[in-house]
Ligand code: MEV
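Quick heads-up: it's one chain on its own, the form predicted on its own, in structure tokens.
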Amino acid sequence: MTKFYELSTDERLAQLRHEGAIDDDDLLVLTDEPALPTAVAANMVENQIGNFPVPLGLADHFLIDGEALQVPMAVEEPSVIAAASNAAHRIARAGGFRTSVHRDGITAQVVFTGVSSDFEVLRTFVHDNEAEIRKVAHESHPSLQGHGGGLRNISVARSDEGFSEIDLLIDPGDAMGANVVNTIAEAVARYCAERLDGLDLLMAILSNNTENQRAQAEARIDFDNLPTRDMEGEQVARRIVAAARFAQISPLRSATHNKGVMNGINAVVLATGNDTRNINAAAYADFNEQHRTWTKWTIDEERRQLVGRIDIPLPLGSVGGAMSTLPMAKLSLKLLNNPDASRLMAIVASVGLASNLAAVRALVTRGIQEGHMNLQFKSLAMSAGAGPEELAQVVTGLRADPANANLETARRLLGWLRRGSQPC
């Protein structure tokens, strides 16, 4: 049977249509119709002049909590989808990913200045008026409770240099929640400022530090599913564990180790219309001197397995905003069986763990460049102007001399091909 990655784009679409994963309208979005109509784009950003397309692909072989999925990923880097698929296939052979999610809410800060001497006034005010504050929060976004969300907790904190704050923990339901949370925060801020004489309201805004929105995933890989031509699976597993440990103690290495995780995460976040800047801010806020990576790799000696775990903040949504506006985002969510926000967090965490496995396994075995370059050759050939019927021959020429595989070489090979001559 021909593998999915071996099919042409048209054949992949035909297979998805035959399987019922997409319908005729979806097919139009993916082919004849623009992925983002101008009428939509012009009303999403200021001064819109066009669209900036990024390839959308499907990562294969993901088995997450018993559900088989092809995961949409929007990314320009050549090897990301292939690497995630490869790792997911190894993981699926041992039962796939097991996940858990904690989605308790997003914190908003209502910040005051000049209250160091009056902090008890603020604390007493919040305590005495909590019921009214909750009412204000509800009335500022009355539909939120109907979607399972709402204000969950109110607390007061004093910081250095005369700052004090009211912290609101708000459950946004299945939305990512930025607009919802900021709307509630500003309403509460106005209510409090009007009633607290002498206190200067500085701002009211959500925090992208989302400790209360975390996803965990675990994956097991049998040693027998890890070998290379030159290394046994157990040796590969132990080298992965060593590399992961080094990332935890080395700031230089951890930065790149974590980039390998975010390669997969950002690609799914972008494909589903979520906010990549929000996810990056939340994820990196998780680190300190003692905690430098989201992933951990260990050995289960008894079962002869490599065990990977990820624990990462992922304040994602599955409704609202770009998710409900962008045709490609709506289609990506459909391909994932229209998950709620918690399920999407579990899927994205699993992709991050798979991407990490693929990167570290490549790094400690054949080196990172071999896999990268095989797909980079295609990008070079296309950059040189090669058409579909010329692509394979130019790639073959680049692969024959990888040390000199660059854009100049690709252009030279293409010129020889078009003249019908042979390379000198």
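The first residue of the shown sequence is 1; numbering continues from there. Note that the structure is a prediction, hence the values are computed from the model and not measured.
Beyond what is shown, the protein has a form predicted together with the ligand; the following relates to that form.
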Next item on the list: State yes only if every one of Gly260, Asn263 and Leu363 has a non-hydrogen atom within 4.5 Å of the ligand in the predicted complex; otherwise state no.
Entry: yes
Note to self: Residue-level contact is defined here as any heavy atom of the residue lying within 4.5 Å of the ligand in the predicted complex; does Glu77 satisfy this criterion?
What the structure shows: yes
Notebook entry, point to check: Quick one: does Arg292 come within 4.5 Å of the ligand in the predicted complex, counting heavy atoms only?
Noted result: no
Check: Do Val394 and the ligand share at least one heavy atom pair within 4.5 Å in the predicted complex?
Finding: no
Check: Does the ligand get within 4.5 angstroms of any non-hydrogen atom of Arg238 in the predicted complex?
Finding: no
Check: Which among 251-259, 338-346, 150-158, 307-315 is in contact with the ligand in the predicted complex, heavy atoms within 4.5 angstroms?
Finding: 251-259
